[in-house]
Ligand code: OOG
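So this first bit is one chain, no partners, the form predicted alone, shown in structure tokens.
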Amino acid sequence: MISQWRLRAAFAARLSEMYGREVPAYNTLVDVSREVNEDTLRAQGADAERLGSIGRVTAERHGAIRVGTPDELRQVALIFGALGMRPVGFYDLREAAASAVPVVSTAFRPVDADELARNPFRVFTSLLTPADPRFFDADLRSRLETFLAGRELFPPELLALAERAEAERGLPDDQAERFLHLAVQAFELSAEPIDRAWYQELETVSAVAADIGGVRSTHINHLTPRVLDIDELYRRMTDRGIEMIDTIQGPPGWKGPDLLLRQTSFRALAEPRALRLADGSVTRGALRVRFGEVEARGIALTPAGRALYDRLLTLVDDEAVRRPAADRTEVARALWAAHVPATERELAAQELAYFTYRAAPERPRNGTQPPTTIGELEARGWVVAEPVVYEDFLPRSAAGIFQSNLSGAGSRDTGQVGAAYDSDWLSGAIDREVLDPFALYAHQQSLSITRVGRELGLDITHPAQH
């Protein structure tokens, strides 16, 4: 049997190879990421691997796909379930973007620490929202839903193999090979001609809506390597003549610990596509929907830490309005320096970030009784704290990446009330619980504290999560 994590690793590698053939600039992005990681490791030594070994970071990828209906999303969940990936987090990009981005999203990923260490492949998956009247009137919604209902994204054989792989936690060699072939094929860019008039009608609403509902297939929208120094990568990509988007999304680069997630990308490329005209003839055209994203991951924040992050974003926005000529990055950096603890120890003490703990190999031996709070145990050398890597996404950053790569802002009827979607709705739509990322991080931290307490013979007070 080929285990789920090996299926996941093989799928990620094959998807990367396929996407590199389709979008050669992605190969450049991977090469530059590897160079930056190697240089950072040489310069920083063990500190460079504080948030994951260089082997994990170099192999790490996240993909992004888009689907049109809850049924399609349910099938995607089955395919990724076969790879040991579960839906984590709910992201409403409709509210996070100034441009029209009519999707809600979740991310499929491993959730256990051991599985993440083996292969942390994750796929950010967006679902179109035709029921939202701000973007789609009744007539367009009806035609769009009819179009989506008439297509098949994933062949029944692939779904049957996925169901077996999930149930049995792996597949025999020959079936594993067939599953991987069909799964990668399902996300290749189709050569089937696109109805130009239909695509353009959706594009007036949103380029994202056209990319999802204007074609009869899905495809990998971007594939993202992880880099240890995203500012340096941005510089090197620009030096190679590759056009990057204007900013790095997420927290600013600053002197304190890396937090959450920073992302950027090269701009969406014009890719040749076959277009069907009204008279039935086919012509060659180009569509600009796929781009090359790269990310740098930091420490996972608690709800209190995340609230601080969101408040700082608001302060940056307010300052940008008050002083439009000011450099936004410098404004953000100054606010972070003023409001965010500059050390991991202080982040932990203020319960702003998640850490796992292990008993120190050389503990105090002077006969004194150890303290019973995790902070004091760490401060006095009884335990070692290790930051928990942020494995998830930021809706405003995701929307910013989408928005930076759109050809137009699209349209939105702000006089209409948006359709309601939330995590519970999404869980029901795919018949799987969409997991709360905060709960996963808190469990990981709590489990480590319980283990330390057992090893030291202590009843350790756990941090309150708020």
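From a predicted model like this one, the values you see are computed outputs, not experimental measurements. Heads up: residue numbers just count along the shown sequence, starting at 1.
Below, we turn to the form predicted in complex with this ligand, even though it does not appear here.
- Of the candidate stretches 216-224, 130-138, 239-247, 181-189, only 216-224 contains residues with a heavy atom within 4.5 Å of this ligand in the model of the complex.
- Taking the partner from elsewhere, Ser265 is found to have every heavy atom lying beyond 4.5 Å of this ligand in the model of the complex.
- Proximity of Phe291 to this ligand in the model of the complex: non-hydrogen atoms within 4.5 Å are present.
- Contact between Phe393 and this ligand in the model of the complex is found at the 4.5 Å heavy atom cutoff.
- For the chain shown alone, Phe355 is not a contact residue for this ligand in the model of the complex, no non-hydrogen atom being within 4.5 angstroms.
- Exactly one listed residue, out of Trp336, Phe124, Phe154, Tyr234, brings a non-hydrogen atom to within 4.5 Å of this ligand in the model of the complex: Phe124.
- Screening Ala64, Leu440, Leu51, Val30 for any heavy atom within 4.5 Å of this ligand in the model of the complex leaves a single hit, Ala64.
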